[in-house]
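In the form predicted on its own, a lone chain appears below as structure tokens.
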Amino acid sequence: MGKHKLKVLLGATALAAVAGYASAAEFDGITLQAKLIGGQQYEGLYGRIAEWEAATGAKVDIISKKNHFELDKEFKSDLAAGTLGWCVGSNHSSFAAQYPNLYTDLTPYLTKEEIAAYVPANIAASRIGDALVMLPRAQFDVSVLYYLKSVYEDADNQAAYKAKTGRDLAPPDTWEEYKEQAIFFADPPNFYGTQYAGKDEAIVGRYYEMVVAEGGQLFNDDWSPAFNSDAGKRALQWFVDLYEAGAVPPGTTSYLWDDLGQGFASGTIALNLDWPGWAGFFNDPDSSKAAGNVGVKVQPAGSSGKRTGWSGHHGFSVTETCENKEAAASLVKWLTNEDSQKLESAGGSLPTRTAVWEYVLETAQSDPYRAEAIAAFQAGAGHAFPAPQTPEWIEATNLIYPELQAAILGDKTVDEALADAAEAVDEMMQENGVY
């Protein structure tokens, strides 16, 4: 089903759906302030807010719309300053543990049946202790491999690769082969073999999953740093080698997710590890020069045989200080209900409701590209693992990423960068009383 037809169908049933748990009289005159994640893959859902407003009589004032790294800074500033007059916020399973006092327990506002409709693993990861602090939206994230089919179908590439390596040219199944091919395909400044997010939690998450794929771990059981290891050094060397070879754009150390999405859609990147929410965008001729030329397969494996799989999910939360929690919970339920998740998953993102998974699998069968993408993400999800479940995760990433950048840019050796990062994280963990 096309996006337009799906929106029409959802809109036609909107009032009836909202009426199932909210009445216009109940929320008439209420205005909820919200801080929501922005970006191409997230904003299509927000069109449904107007439908909720029309059905309930309430209004939503979006007072901030930024990427989650910037939202994270705002949330911490609001907590420190006590400026928590807003009610609804975007949340993420990788960030949630930092905010134990920011968001309210949503359990009183849902029935057991409503909670049971979400995928159990996603609901479990939406809790802090016993408190259900967010409802998952259709944005379950694990990254798999997108690639340009044309670079593999090109006869000259096939012959040159065979001559160079003795192997047939095919999409990579290991990270070593991925690096080799990215360097082989690169023709800067017009074409690059690959790219990666190069700052903030984004690069640390990528590094984390590479460390795991290399057989290591980021932290020990007591949360002391474990990444200054042979596995950690091999993982960081992968990033360094690609940068030094000119296989990635020179600005990659400043890239975040939207930069990567736009980069692959430009048709100038051969290989791209990325999230499911980009699948539809990449194959849409209105937004992507790569449309019709995109292949999707399970993410590669490291030298240990393990595949990368750092994962998490987005959701919506209600602040503890919200004066209209029932209305806010109604909005959060609306933005994560079946119709909302069908709308979001039409663009390629993965749902967090069991019934919507069944719907997505059924509807994908008539679209070969979408079926290929869903199969890749199903396989990828089998290798998924969460970000380290510690409140210090984001603070640790803020200490680690400048050191990773220093190694990539050649300002420090891999050994120096990881030693300095480990020392900084160890000091922070001790100062925070973790051990």
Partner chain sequence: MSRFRPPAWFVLLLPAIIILAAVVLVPLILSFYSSFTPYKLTRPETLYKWIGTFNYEKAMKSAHFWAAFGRTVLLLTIALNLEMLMGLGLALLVNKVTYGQRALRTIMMFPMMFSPVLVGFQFKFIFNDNVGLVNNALQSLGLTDRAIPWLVDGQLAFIAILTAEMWSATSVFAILILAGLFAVPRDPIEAAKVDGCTPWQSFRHITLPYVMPFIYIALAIRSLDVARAYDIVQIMTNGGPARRTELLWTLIGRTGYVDAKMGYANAMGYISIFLAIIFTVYFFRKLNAARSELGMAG
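Positions refer to the first chain, counted from 1. In this text the structure is predicted, and so the values were computed from the model without any measurement.
The protein also exists as the form predicted in complex with its partner chain; that form is not presented, and the subsequent description refers to it.
This chain is displayed alone, yet in the model of the complex one of Gly47, Pro402, Pro386, Gly57 has a heavy atom within 4.5 Å of its partner chain; that residue is Pro402. For the candidate set Ser288, Gln98, Ser143, Ser229, a heavy atom within 4.5 Å of its partner chain in the model of the complex is found for exactly one residue, namely Gln98.
The three marked residues, Pro171, Thr363 and Asp367, fail to reach its partner chain in the model of the complex, with no heavy atom of any inside 4.5 Å.
Picking from 388 to 396, 49 to 57, 369 to 377, 30 to 38 the stretch near its partner chain in the model of the complex, with a 4.5 Å limit on heavy atoms, gives 388 to 396. Put simply, Gly85 is far from its partner chain in the model of the complex: not one heavy atom of it is within 4.5 Å. Its partner chain is not drawn, but in the model of the complex it has no heavy atom within 4.5 Å of Tyr109. Contact annotation: Glu180 falls outside 4.5 Å of its partner chain in the model of the complex, judged by heavy atom distances. Taking non-hydrogen atoms only, Gly215 never approaches its partner chain to within 4.5 angstroms in the model of the complex.
Residues of 195 to 224 lying near its partner chain in the model of the complex, listed in sequence order, are Lys199, Asp200, the criterion being any heavy atom within 4.5 Å.
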